[in-house]
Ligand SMILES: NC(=O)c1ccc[n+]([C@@H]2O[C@H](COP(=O)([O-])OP(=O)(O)OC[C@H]3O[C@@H](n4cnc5c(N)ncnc54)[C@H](O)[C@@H]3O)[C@@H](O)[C@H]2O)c1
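The chain below stands alone and is given as structure tokens, in the form predicted alone.
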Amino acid sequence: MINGSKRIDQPIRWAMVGGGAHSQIGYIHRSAALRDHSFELLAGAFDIDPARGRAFGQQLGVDPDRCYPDYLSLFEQEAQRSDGIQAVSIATPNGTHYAITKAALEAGLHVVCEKPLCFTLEEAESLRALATARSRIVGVTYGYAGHQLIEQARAMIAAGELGQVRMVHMQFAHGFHCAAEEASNPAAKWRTDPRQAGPSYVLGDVGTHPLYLSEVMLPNLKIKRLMCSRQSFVASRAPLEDNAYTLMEYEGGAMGMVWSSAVNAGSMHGQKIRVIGSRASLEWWDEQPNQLRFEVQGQPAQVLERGMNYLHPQALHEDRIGGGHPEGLFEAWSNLYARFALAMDTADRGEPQAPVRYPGIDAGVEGVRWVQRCVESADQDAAWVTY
């Protein structure tokens, strides 16, 4: 169990690009990173408006001289300091991710980036090559991948408790954009603008989240081909989709599906993953994160609870409070940031990579690949495309 003691000798010297006062996700990044002595927030370019960003940075306790007007100034001036930053988190609109990540890696920094990592597979591959060449860590915030019961599911599947995996059903389908929210909500507007959001809306914004959960749970299951159909039920969003269905065929014959949607009326979040085997099934829902449903054919269904001693050791290692207490998004993100810090610290000391799992540059590349293939399929009238 995590008790708050230091996991690395010194916290990672850290900055943010974006994540300002009006950011939906900025506080979650800071809350997660600053727990357990893993990171120390020393600098930032928090807002596209330099004065507003400087004022907000000071409210966070950042030295006003280290609140920069833009990311290039941040990277350049921090590189000249003996106590300059080692890592940066990028919490800006999608269309900026590639340029900022590339600049950060070229400046010798570790990166934690919101997804999608970029817009094209070519860009993603170039970032992977750059990160590898510079021995830098790139983390991608598929936040719920840090949750302990995802580790439990992975261990159970690996132990053969489900039998042969036949199907993987995934969804992230909320209802908050049933109407054209972007007309009056600046936080929603960029998500439906191809110039800022890229080639998709819900495929990249929500669909890649459960997809990565499936990759954690089923690391040996590889997509062979997929077909995708996408819709713009709010017509003004075209060509970007607000709903999509993706059918996938895996190597070995298993099948998978992902429902990505922002127009699932009445749904709060709707992120679920169900893995169906020849003998049993597992299901996890992020709105009830403390429970993992385990259903063995012919037996009463079981609900496995986070924090209980009957779970696998991997599912207990990152608990912060005992079983029965609610945990969720913040704890999962905190676990990811702790893993990012361990990997960055190991890389900085030139030691072999720490044995921690996190959504890294490969996860970022695969997320971009999946979105690109989905768009290709949907644009060919839901034709099968080789993955």
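Because the structure is a prediction, the values reported are computed rather than measured. Residue numbers run from 1 along the displayed sequence.
Here the subject shifts to the form predicted together with this ligand, a form of this protein not shown in this document.
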item	value
This ligand contact at F75 in the predicted bound form, heavy atom, 4.5 Å	no
Residue contact check: I223 to this ligand in the predicted bound form, 4.5 Å heavy atom	no
Non-hydrogen atom contact H97 with this ligand in the predicted bound form at 4.5 angstroms	yes
Contact label in the predicted bound form: P93 to this ligand, heavy atom within 4.5 Å	yes
Selected contact from E123, E182, D286, D205, since only one has a non-hydrogen atom within 4.5 angstroms of this ligand in the predicted bound form	D205
Heavy atom within 4.5 Å of this ligand in the predicted bound form - residue from D319, D47, D36, D345	D47
4.5 Å heavy atom contact with this ligand in the predicted bound form for all of R230, V275 and Y387	no
Contact stretch among 278-286, 78-86, 233-241, 205-213 - heavy atom within 4.5 Å of this ligand in the predicted bound form	205-213
Stretch 134-164: residues contacting this ligand in the predicted bound form, 4.5 Å heavy atom cut-off	T141, Y144
